[in-house]
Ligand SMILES: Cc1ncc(COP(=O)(O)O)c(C=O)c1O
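Next up: just one chain, as structure tokens, the form predicted alone.
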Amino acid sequence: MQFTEEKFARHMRPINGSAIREIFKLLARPGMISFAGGNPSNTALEPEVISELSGKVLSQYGTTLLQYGATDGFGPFRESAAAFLNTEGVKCDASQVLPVQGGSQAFDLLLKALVDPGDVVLCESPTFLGAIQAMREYNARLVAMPTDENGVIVEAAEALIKEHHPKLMYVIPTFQNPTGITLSLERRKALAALASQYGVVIAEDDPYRDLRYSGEPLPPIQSFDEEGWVVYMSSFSKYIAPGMRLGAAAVTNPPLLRKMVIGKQSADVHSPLLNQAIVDAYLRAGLMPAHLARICGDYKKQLDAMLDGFKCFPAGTKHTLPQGGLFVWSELPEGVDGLKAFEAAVEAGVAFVPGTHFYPDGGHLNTLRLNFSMCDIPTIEEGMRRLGKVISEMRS
């Protein structure tokens, strides 16, 4: 007997996986320039530092880090993570911090705790395609919130709340993936007020917060939350090392935190204690400020090189001007199909992610997302020349 599609759960049958993961299969081609991922630069990783801290914490804690631990997390890490989050205005103490396997697990646990099949989740349009996949795996009904250069349009979000009565709203407020835009201060306050007024949990996904290259930091949505409706999700993937898969969720609503802990018990028991101890030691040693200053200085130069490279694109091309993060979003001239442009670009030796994948409802074929953090400046310049040539030829 053959294993057929009908053997899969109904909600998994239409899910094809991440478009970015499929694109990664192309990157092994010789000479391929990738603007497709979202990885930190290899120069931002510090294997010598991590190795030294690993030995230090193993010497300090011994077998404690090699045994099973509490799902709630390693106590010292919860303390240092709370202090780190508080530097930008997150309201939490150590007891309200849940260590997670990257910020993506925090969102998965929220979905597990809150969403029944068919429940509505509001999300930005466009938004992170990994979150789109996660929501669909829980058989949620995605409803797109309109956005502009200042993020979610609050009036539209309120109208959608009144119409659909969602349980959950997913927002990336700072240097958004995929657009790079930042939610304005007034809109942050307004979304927190909507959450309280209508009883909607906001998943505030903020993994790029400290990758700022210009402008002034803004307080998180969670800082305006007085009743525990906003769950703040952070990650050390973009700051220290994505391979360690460690993040932290600040959850000030005790019943919701308890349900997330229960959900994590069945998922992975607990986040690796060794990784928690390493990041704790990193934070306590005061290494983060100088590290962020160094990598942000490098990323700014890479971002500037990519923005300058749009001079190679045809007239009518638009793009965002991010103040930080890892991505630039571009809208191509009308009539240029990003999916077809991707195929031609791969043949020319440069890859990106077609923007249509980031829209819950699809469409928007003339958009694309570019990442600059994985390439040095000469490679960015060459990649933008190749990509601009491909798009110009499609336009002509």
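Owing to the predicted nature of the structure, the values given are computational and were not obtained by experimental measurement. Heads up: residue numbers just count along the shown sequence, starting at 1.
Separately, the form predicted together with the named molecule exists; it is not shown, and the next lines address it.
Put simply, of Ser237, Thr252, Thr317, Gln323 only one has a heavy atom within 4.5 Å of the named molecule in the predicted bound form, and it is Ser237. Exactly one listed residue, out of Thr71, Ser104, Gln302, Gln96, brings a non-hydrogen atom to within 4.5 Å of the named molecule in the predicted bound form: Ser104. Shown alone, this chain has one stretch from 221-229, 113-121, 201-209, 179-187 that lies within 4.5 Å of the named molecule in the predicted bound form by heavy atoms: 201-209. Looking at Leu191, you'd find every heavy atom of it more than 4.5 angstroms from the named molecule in the predicted bound form. Contact annotation: Ile172 falls within 4.5 Å of the named molecule in the predicted bound form, judged by heavy atom distances. In the predicted bound form, the named molecule stays beyond 4.5 Å of every heavy atom belonging to Tyr282.
In the predicted bound form, at least one heavy atom of Arg245 sits within 4.5 Å of the named molecule. Of the residues in 125-144, only Phe128 comes within 4.5 Å of the named molecule in the predicted bound form through at least one heavy atom.
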